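For reference, the chain that follows is the form predicted on its own, supplied as structure tokens.
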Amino acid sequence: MKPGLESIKNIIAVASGKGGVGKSTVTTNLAFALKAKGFSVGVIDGDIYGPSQPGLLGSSDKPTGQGGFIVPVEKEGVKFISMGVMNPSGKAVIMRAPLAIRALSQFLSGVLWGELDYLLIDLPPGTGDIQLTLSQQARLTGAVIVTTPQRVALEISRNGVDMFKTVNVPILGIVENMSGFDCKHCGESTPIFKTGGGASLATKEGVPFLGCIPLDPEIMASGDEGVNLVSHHKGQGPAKAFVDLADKVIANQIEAKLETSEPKEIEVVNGKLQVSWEEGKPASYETFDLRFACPCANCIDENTGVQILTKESIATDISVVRHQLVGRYGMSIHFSDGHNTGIYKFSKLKGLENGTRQDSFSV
């Protein structure tokens, strides 16, 4: 069994703009729905401060260690890791952001996931350090955005869409959760929190709409009791909504791979960076120009945007030593002068030969 993400076929982030929209519940039931379709599935509980996957999955087992790596907990065939199972005391996790980021990095690279078809990452709400770290350290297949129909939730959910677009992560779609209460007695549906907002947001943002999840007591009860809703209801009632969601995620994930805008190949040839894009022959970049275009805080003042680096300070014979991919949206370049802190976005790198400004690379 291999550690880290190299044997995982698809990594999908499940995100939301604000808390309380049921993102973790959607993650859990999507995982069970994918498992019911015969896929191997894992879940990372990325909400370090407020982990909920152990309760939703219904497991209080503790992870074990093997060869310096973490062996994930398993519930009904779904592997998962969470700060909730790493913190048996149940006390509040009080730590600064750098330590939370380190914990997420450990979940990404230090867990024996083995071969998985899908790894779902249940993110905390917002667009902060943890979301950006994930986008940089994992080559995400795509992101699913969860919202409720209310205007406040929709407005904040738009921020999540914008963030993933910025870092070149395909939006697999938007899910509208708590989208109407279906009465078991009269059969009528009551839009307690309105309805249609998720579809409207998807249309405005030009991304797929994955469907609606009803506001149903059975979903709540399954989460409270840690019961697999999909297998217990055999795809009927509210469980069917998650099975349908899994079908759409699978279809959109395949399409997203076909539409990727990443380079086909990146090489260092005779100290120069060469990039082969989908639409043309390899582009060769002058190393001096790349170094001068570095967008990092050592080369560009973060507050004013004024360039600190001068051409006179760059060696004329500078060369590229190697490159390192940063998520799906860019790369860091290691130069012969030891500098390697800039992130060059693919979307801007294409235009550098035509005089793209160096500050255009910043995320």
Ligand code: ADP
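Everything numeric in this text was worked out from a predicted model, so none of it was measured. Sequential numbering from 1, following the sequence displayed.
Keep in mind the form predicted in complex with this ligand is missing from the figure; the text below concerns it.
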Looking at 78, 153, 108, 219 here, can you tell me which has any non-hydrogen atom within 4.5 angstroms of this ligand in the predicted complex? 219
Which residue, 228, 177, 82, 135, is the contact with this ligand in the predicted complex, using a 4.5 Å heavy atom cutoff? 177
Based on heavy atom distances of at most 4.5 Å to this ligand in the predicted complex, which listed stretch, 22-30, 332-340, 61-69, 299-307, is the contact stretch? 22-30
Test of understanding: in the predicted complex, would residue 214 fall inside 4.5 Å of this ligand by heavy atoms? yes
Between 138-175 and this ligand in the predicted complex, list the residues on our side with a heavy atom within 4.5 Å. none
